[in-house]
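For reference, the chain that follows is the form predicted on its own, supplied as structure tokens.
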Amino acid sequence: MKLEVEGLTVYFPYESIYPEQVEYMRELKRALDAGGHALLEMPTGTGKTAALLSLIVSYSIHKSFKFKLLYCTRTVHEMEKTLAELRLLASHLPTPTSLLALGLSSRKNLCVNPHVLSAQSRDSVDAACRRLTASWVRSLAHDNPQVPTCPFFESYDRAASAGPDTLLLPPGVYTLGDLRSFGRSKGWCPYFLARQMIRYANVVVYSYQYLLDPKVATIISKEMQKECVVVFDEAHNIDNVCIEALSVSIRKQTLEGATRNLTQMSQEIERLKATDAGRLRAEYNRLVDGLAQRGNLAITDAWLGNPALPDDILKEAVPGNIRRAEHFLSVLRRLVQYLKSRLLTEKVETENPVNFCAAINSQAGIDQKMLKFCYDRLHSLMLTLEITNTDEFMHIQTVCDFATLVSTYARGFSIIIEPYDERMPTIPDPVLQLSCHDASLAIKPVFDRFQSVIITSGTLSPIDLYPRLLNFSPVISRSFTMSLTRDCICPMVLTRGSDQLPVSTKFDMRSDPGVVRNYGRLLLEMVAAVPDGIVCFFVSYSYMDGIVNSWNEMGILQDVMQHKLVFIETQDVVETTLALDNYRKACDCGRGAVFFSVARGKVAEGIDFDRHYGRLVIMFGVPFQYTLSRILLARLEYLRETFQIKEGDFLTFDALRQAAQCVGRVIRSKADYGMMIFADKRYSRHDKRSKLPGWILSHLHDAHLNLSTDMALHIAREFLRRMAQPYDKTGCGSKKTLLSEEDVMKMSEGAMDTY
């Protein structure tokens, strides 16, 4: 259908549209018109992706494709879903429109060379690719045909050398699978083809890291112009992604690996001195001339970029005392030795970067400027030594990343050295962490560089906290409600068991046998009454293991399995994928199943339990972070001092967004229905409950606020009976929830009161 949104013709790929999608498009258009940033919370299952893509692509057509859309997702699965939605939209655009949209992912997901793909991990695939495509490997192969190269890259390179016009993808929407198929048919490398094509594409869908992690962003996204609209979808955890991008952990194994790397590099330097001293001399002369890197590197030689943000990288010559390769390795050896000595501590130590750099200077004789150039100097040396097995050199890379970051940033970071994990004090596991506390650092270049950045998700409540955490001023900040013809969401707050004992996962109550028994009775009552799939979320893996073990000893688990099969998420990805697959089979064949999962786990973030796969989700407890974590305590102190965000406010906000993310898995469309039970007495407190998204709160009636197990069971039965009745999907009169083109026209004229 075609609709008008504030004077803009929007092409929408479906016959009808939800009222909230129209509202969402309006706010989005206002943000684009203002050339500013937006923060939009849209309930799950209301077609957020379709509305986003339709409005921005239509706006782009209206502006004659003067800007590009960079759509960032968290997972490959979400990327594929977005590209599928985009393909449907492309088929509804006016005929002369030539839209080019593609997804970009790692070599592991795009490579078609069977020898490279046989490697296990992503780093191994990257290294296997470099062994065949590095510029020096290819020049050797030119003289000696016996040297193995990648036929796909060679044919891509031949096509590219004939001029950029010969290497164009025809207009269309390309998923990762399409790129692989196109690459195979042409004999071209899909990964480097995608890297080449993102500069010409109208829409690029890729991972958050390609914009937020400086190591990747400087290589992949450096050519993106200001005239880009950036969308971060499912961005409720964006502050954590920003923090992880600038944090580094160093363990004993890292330093041992780094020592091995230095020995290898030292041997390679000695070999070069004997066979090809000119190469080392050329590097030295280049560094004397003030060039940290060799001009324009071949696309295959660019490894990871500098870990510091672009504006913070020193634009000057490498210091004289680390220009010679052997001198630089000597500095790195002293640095590794110093870090090893710091890991021998028997008590927890916390330091700021300034003091840490001063200690390195006084005890290892390495000044701050040398530390700043560690990354650039290492990268230059690895190119000079022609090292291709980069996966084996990740340890020394990590040490140099740490050195560059610790010497570049004085504020917003802490160095925390822990001799063991507090939860397992008997096992020595020393770790030195450079922890970033300020999420605004990594995202600031994105806000500064691009004209509009849209942050959107189903769970952004309380929405006013994100501008403070990310330190930006949105021109539009709005939370939308869900228009429904029937109350298909039934949230409940359960505060006590049938015996009236309160239930909670508070630390002093969680191991109480009464609480464990009441949680078990709640599950048992629900599996007997609710059909198909039930999903249970626990606050941590250790708590889930403990309570499931207790239920087994009490005989509750056996009783549950009389009604439904039980599947459990583990920390092993393959095991969890298999468990999910079997869970779905059990729901499909009518046996019914229960899935035990963990808040903040893989399942809570990316798996949908729509339709009969999730008729009820139970959130056992409030998923607070581990509050004794030194890193968390340091971050809370920083937030309080810098942004005036109280510790309690942040912890509650973080726990409630995770809880909302968990229960939101159960509703994925308006035709769906499901119940949500928040099983903890703390949810009955207004300060906790009020931080849930508006679309959940609007269905949380006062009568559902302080329930015992038997009351919740009664409400569940009533709700399921109500959902079994036929209903009108489109709604009627002023409560229409599915609008036609004509309805939208009336609505825009103000003739229809939607809400």
Partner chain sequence: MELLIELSQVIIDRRPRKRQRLGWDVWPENPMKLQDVDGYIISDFSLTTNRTEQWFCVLLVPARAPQQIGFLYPDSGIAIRRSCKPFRVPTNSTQRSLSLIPATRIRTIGTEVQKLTGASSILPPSPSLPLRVEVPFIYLFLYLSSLHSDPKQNLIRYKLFLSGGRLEVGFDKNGGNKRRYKNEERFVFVPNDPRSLMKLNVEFKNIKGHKFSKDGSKQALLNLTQDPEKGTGYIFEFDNFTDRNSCRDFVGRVLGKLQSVPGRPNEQSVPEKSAGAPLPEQLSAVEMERRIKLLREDSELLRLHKQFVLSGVLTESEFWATRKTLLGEDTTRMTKQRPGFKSAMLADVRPSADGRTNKVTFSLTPEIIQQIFAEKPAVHRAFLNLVPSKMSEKDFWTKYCRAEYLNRTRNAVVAGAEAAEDEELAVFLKHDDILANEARRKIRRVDPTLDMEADEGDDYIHLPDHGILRDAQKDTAETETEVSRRTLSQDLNRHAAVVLEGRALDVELGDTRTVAEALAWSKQELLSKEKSEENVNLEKQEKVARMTELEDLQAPRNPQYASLCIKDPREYFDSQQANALRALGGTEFGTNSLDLNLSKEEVYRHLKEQISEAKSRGLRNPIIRPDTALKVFSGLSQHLSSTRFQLGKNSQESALDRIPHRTKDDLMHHWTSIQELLRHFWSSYPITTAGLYNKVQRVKDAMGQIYQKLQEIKESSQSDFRHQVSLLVQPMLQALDAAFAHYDSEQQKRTAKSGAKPNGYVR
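Just so we're on the same page, rigid core means the largest C-alpha set that superposes within 1.5 Å between forms. Numbering follows the first chain given and starts at 1. The shown structure was predicted, so the numbers you read here are calculated from the model rather than taken from an experiment.
Keep in mind the form predicted in complex with the partner chain is missing from the figure; the text below concerns it.
Asker: Look at the stretches 328-336, 642-650, 610-618, 133-141 and give the one with heavy atoms within 4.5 Å of the partner chain in the model of the complex.
Answerer: Going through the listed ranges, the match is 610-618.
Asker: Report whether all of 235, 312 and 665 sit within 4.5 Å of the partner chain in the model of the complex, measuring from non-hydrogen atoms.
Answerer: Judged in the model of the complex, none of 235, 312 and 665 sits within 4.5 Å of the partner chain.
Asker: Within 4.5 Å, heavy atoms only: does residue 575 come near the partner chain in the model of the complex?
Answerer: Yes - in the model of the complex, heavy atoms of residue 575 and the partner chain come within 4.5 Å of each other.
Asker: Heavy atom to heavy atom, is residue 254 within 4.5 Å of the partner chain in the model of the complex?
Answerer: Flag for residue 254 set to yes.
Asker: Does at least one non-hydrogen atom of residue 372 fall within 4.5 angstroms of the partner chain in the model of the complex?
Answerer: Residue 372: no contact with the partner chain in the model of the complex.
Asker: Hey, in the model of the complex, does residue 386 get a heavy atom within 4.5 angstroms of the partner chain?
Answerer: Residue 386: no, not in contact with the partner chain in the model of the complex.
Asker: Though the partner chain is not shown, can you say which of 522, 603, 406, 446 has a heavy atom within 4.5 Å of it in the model of the complex?
Answerer: Exactly one residue meets the criterion: 603.
Asker: With the partner chain left out of view, choose which of 552, 285, 473, 225 has a non-hydrogen atom within 4.5 angstroms of it in the model of the complex.
Answerer: None of the others qualify; the residue that does is 552.
Asker: Only counting heavy atoms and a 4.5 Å limit, does any residue of 540-566 reach the partner chain in the model of the complex, and if so which ones?
Answerer: The stretch 540-566, when checked against the partner chain in the model of the complex, contributes 541, 542, 545, 548, 549, 552, 557, 558, 561, 565, 566 at the 4.5 Å heavy-atom cut-off.
Asker: How about residue 102 - superposed on the rigid core, does its CA move between this form and the one not shown by 2 Å or more?
Answerer: It does not reach a 2 Å shift.
Asker: By the 2 angstroms cut-off, has the C-alpha of residue 224 moved between this form and the one not shown once the rigid core is superposed?
Answerer: Result for residue 224: no, shift under 2 Å.
Asker: Can a Cα shift of no less than 2 Å be assigned to residue 567 between this form and the one not shown, given superposition on the rigid core?
Answerer: Yes; that C-alpha moves by at least 2 Å between this form and the one not shown.
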